[in-house]
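So this first bit is one chain, no partners, the form predicted alone, shown in structure tokens.
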């Protein structure tokens, strides 16, 4: 099981790096799906099969479909590639690199100081998850759904092509 965990972790890491470095948004989304599926495998191996299933259904399924629709509706042209190329310059990566280095140091510190004590794991069923989500956090879940829908509607309105309409007497007739 350890080898499967490490393979899934490497796949998730490489796919996530590919998400960040791709200029084509559709290719980045495909790598994001691979990354989320690898994380799902890690959850499954760690003893959380329900969370792994939620990862596949909610993130790799539903939310990424919304991303694909938003990209299709925005209809980004050739200029978007030039704008994204500016983001790949080294000066845009200084602060994220520093933050990542801080997190890496923290992770190394945790692994060095880990005493080997086993953590008690228990399987959490769907009933407990639903009571947790829709019990005290029902308003947050509903607001998140509304926020996602507002994002899709906003992407549609930003990306739709405006058609010019003329009065019927001003339109040119192609047959004449």
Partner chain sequence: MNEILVQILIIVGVLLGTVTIAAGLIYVERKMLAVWQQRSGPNRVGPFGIFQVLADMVKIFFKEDWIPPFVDKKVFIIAPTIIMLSILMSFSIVPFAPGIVIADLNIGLLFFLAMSSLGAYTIVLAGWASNNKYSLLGGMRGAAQMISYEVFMGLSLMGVVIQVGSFNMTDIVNAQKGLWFVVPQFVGFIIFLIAGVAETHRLPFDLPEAESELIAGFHSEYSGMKFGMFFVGEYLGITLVSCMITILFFGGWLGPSFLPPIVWFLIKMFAFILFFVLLRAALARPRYDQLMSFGWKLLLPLALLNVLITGAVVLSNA
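This structure is a prediction, so every number in the text was calculated from the model and none was measured. Definition used throughout: the rigid core is the maximal C-alpha set that superposes within 1.5 Å between two forms. Residue numbers count along the first chain shown, from 1.
The same protein also exists as the form predicted together with its partner chain; that form is not shown, yet it is the one meant from here on.
A.B. asks: Taking heavy atoms and a 4.5 Å cut-off, does residue 65 contact its partner chain in the model of the complex?
C.D. replies: Residue 65: yes, in contact with its partner chain in the model of the complex.
A.B. asks: Is residue 61 part of the interface with its partner chain in the model of the complex - any heavy atom within 4.5 Å?
C.D. replies: Answer yes; at least one heavy atom of residue 61 falls within 4.5 Å of its partner chain in the model of the complex.
A.B. asks: Does any heavy atom of residue 49 come within 4.5 Å of a heavy atom of its partner chain in the model of the complex?
C.D. replies: The answer is yes: residue 49 has a heavy atom within 4.5 Å of its partner chain.
A.B. asks: So, residue 135 and its partner chain: in the model of the complex, are they within 4.5 Å at any heavy atom pair?
C.D. replies: So residue 135 does not count as contacting its partner chain.
A.B. asks: Please tell me whether the candidate spot formed by 3, 6 and 42 is one where all three residues come within 4.5 Å of its partner chain in the model of the complex (heavy atoms).
C.D. replies: Per the other structure, none of 3, 6 and 42 touch its partner chain.
A.B. asks: Suppose contact means any heavy atom within 4.5 Å; which members of 22 to 59 contact its partner chain in the model of the complex?
C.D. replies: Contacts from 22 to 59: 24, 26, 27, 30, 33, 37, 44, 49, 50, 53, 56, 57.
A.B. asks: Using the rigid core as the reference frame, would you say residue 152 shifts its C-alpha by 2 Å or more between this form and the one not shown?
C.D. replies: Yes.
A.B. asks: A 3 angstroms or greater change in CA distance between residue 149 and residue 64 is reported in the model of the complex. Closer or farther than in this form?
C.D. replies: Compared with this form, residue 149 and residue 64 lie farther apart in the model of the complex.
A.B. asks: Your call: residue 60 and residue 149 CA atoms, closer or farther in the model of the complex versus the shown structure, by 3 Å or more?
C.D. replies: Those two alpha carbons end up farther apart in the model of the complex.
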